[in-house]
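Next up: a single chain in structure tokens, the form predicted alone.
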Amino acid sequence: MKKNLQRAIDFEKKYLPRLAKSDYPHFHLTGEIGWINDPNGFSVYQGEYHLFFQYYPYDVKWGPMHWGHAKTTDFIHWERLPCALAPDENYDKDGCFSGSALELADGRQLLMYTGVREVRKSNGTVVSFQTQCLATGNGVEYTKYEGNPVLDEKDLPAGGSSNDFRDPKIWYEDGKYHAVVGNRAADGSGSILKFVSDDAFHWSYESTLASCHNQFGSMWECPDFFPLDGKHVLLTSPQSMTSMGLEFHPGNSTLCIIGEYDREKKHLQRENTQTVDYGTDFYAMQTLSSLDGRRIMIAWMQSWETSGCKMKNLPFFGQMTLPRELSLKNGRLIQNPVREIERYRTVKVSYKNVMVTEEVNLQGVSGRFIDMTVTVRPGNPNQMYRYFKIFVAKDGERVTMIRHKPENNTIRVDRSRSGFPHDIVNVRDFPINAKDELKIRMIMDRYSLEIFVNDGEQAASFVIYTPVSADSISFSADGCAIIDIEKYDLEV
């Protein structure tokens, strides 16, 4: 075993876990120590679901990227496995960046990742060479392919950048292996390249699947491409997105393109576009096809804009979202928490037709490890309320607010008083489609709030650092609202 990988595994053995289990999220995967970001290799292997992730075990800040590793059978309970990859070859000496995985016919697990090698020029500038590499293993231990890299600058189309060539997503279809990889095109903006292989080890360029043309940000990272409900879906995470109303927010963002795949031209014909998640903390999503045929997505529940803001005295930074089931409805991507979370519901509390005209607290409606759905209707059929608010993670000092404003049909989430030690991005507005009734489902864990609107038409993810003791929940309205509540505690 290479020295850098052995060092990481030895470090994990010595320090995992450094916190009591009660100090971690209950059902959101973390690295337990060190830094994590993008999910990698989300896939099925020998009847279990594996997830790798970008990982720097030695500090709670970004460093030379390794691959951490965990597996699950139900998307809720995760078993930690040893570090899978470390930067220890010339072609990946500066990082094993994001990628994917699948099971080969011979029973081996194949990892496909981006190797990064940086070179300092005589003028002092640093050039990054990004290539696609392979490793194989048995679900625990992995050996890098002696023929690495399998894709490099010579495999790029004209104008493609070897400095921005990363994050392969691999799959098997119609007797061949396929991969999409993010790249920066000649116009300086993102494109998704498609490659094909007969054996998963020897690859050739096939087409440019989709191009940004400077419309949606710049570099397109972390692509994923799959069929869903009669269409094809491309997910990617654009850098340097500019604001487009309330649909796309500036900075590092997410993009879903829905359309028809032209199998002759190997190109995605764009029909609809949307943000994947409207919250402040969601990036680099990746999907798999589950053993029962569902398309399941997971993402890094963090953003680069807020990644410098950390809880003190925690030996880990970063967590993954709760995995979500995907579908399409009326040309939109629909997301809902994996149904497995319902197995861990306890202590049901429900209310029907509660009138809200001022701030209201209801007996039994509190908690920080909860799955709660609130359905809201106007109390007066002839007059809509001016706003309706839900306050969660609340005590006398701190609170996170969710507000519906019917006038412009938006939801605002404000976490300005949610435990962050610095002034970061704390308020987010996003559009919804609600007429006479609005349904808001909230799932809360120790450091997170995930919101699903109208059965998954919109999703929004937020990290919160409020102490768990801040567990009060209340409701208020300007005008009159009628609400139904179904709330469960979650014990995982």
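Values in this document were obtained by computation on a predicted structure and should not be read as measured data. Residue indices: 1-based, along the sequence shown.
Beyond what is shown, the protein has a form predicted together with a small molecule; the following relates to that form.
For the residues 304, 351, 205, 172, the 4.5 Å heavy atom test against the small molecule in the predicted bound form is passed only by 304. Among the residues 368, 166, 249, 324, the one placing a heavy atom within 4.5 Å of the small molecule in the predicted bound form is 166. Considering the small molecule in the predicted bound form, the lone stretch of 458-466, 426-434, 30-38, 444-452 in range is 30-38 [heavy atom distance within 4.5 Å].
Though the partner is left out of this view, residue 88 does not reach within 4.5 Å of the small molecule in the predicted bound form, counting heavy atoms only. The small molecule is not drawn, but in the predicted bound form it has a heavy atom within 4.5 Å of residue 222. Contact check for residue 282: every heavy atom lies farther than 4.5 Å from the small molecule in the predicted bound form.
At a distance threshold of 4.5 angstroms between non-hydrogen atoms, residue 388 is out of contact with the small molecule in the predicted bound form.
Every residue of the trio 54, 65 and 98 has some heavy atom no more than 4.5 Å from the small molecule in the predicted bound form.
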